[in-house]
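Consider the single chain below, provided in structure tokens and representing the form predicted alone.
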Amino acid sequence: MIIALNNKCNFTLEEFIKYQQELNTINDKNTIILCPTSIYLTNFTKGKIKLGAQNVSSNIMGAHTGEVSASQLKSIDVDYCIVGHSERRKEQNETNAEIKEKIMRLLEENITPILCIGETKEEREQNKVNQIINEELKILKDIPNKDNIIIAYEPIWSIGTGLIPTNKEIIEVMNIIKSIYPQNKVLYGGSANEKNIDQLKTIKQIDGYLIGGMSLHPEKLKVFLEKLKN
């Protein structure tokens, strides 16, 4: 399975170094991807854990102040990159068109995109889940090598709230995604933690997890991974 850890905007440098030392004590057969704050990418210690970024520019290198290009990420051995996270869609007004460009830049550099998709609470209540998922997946339609893209289903109303959909609701969305892109790995994200993994791991359609809040706590992650084995 794939376990992607999204640290978001957390840790001072001293805290990150200590955190990574604890993380490196984990011995697990799953593919673990660490996505730290961008300024700590070069502080990553190579080992069993893979390196991912939280964002990338939709542009190639050039006059784009504050941006980080896919080729720059590649030059520091980044293997994965999150795109389309709901926080960036909301706070930075990222559009599906921009997210598509980011995916294309990453694939040009052989970096695996982790595309986040998901509905808001209002959209779920209005029975628009299928519509939203299909709309956000449309951007992959004419992208070459799309089988290499990891898709992460993150119901927006679940992120950071401690609430998760029922297994039935998750399976419904997973089946939609897999019916369109059967070759792609599909992760679940949104308050996945050591307390609910026993429920989540019964869903056979899940190929892994994108973890936010719990990623900051190696001791909880160890429990999560141990429960995932059993």
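The numbering used is simple: start at 1 and walk along the sequence shown. Remember, predicted model here, so these are calculated numbers, not experimental data.
The form predicted together with a small molecule exists for this protein as well; it is not shown, and the discussion that follows is about that form.
When the small molecule is considered in the predicted complex, only one residue from L137, I159, L107, V129 comes within 4.5 Å through any heavy atom, namely I159. Of the candidates A192, I33, A53, A70, A192 is the one whose heavy atoms come within 4.5 Å of the small molecule in the predicted complex; the others do not. The putative spot formed by Q20, I26 and P218 is not touched by the small molecule in the predicted complex; no residue has a non-hydrogen atom within 4.5 angstroms of it. In the predicted complex, no heavy atom of G208 sits within 4.5 Å of the small molecule. Remark: E119 does not count among the residues lining the small molecule in the predicted complex, judged by a heavy atom distance of 4.5 Å or less.
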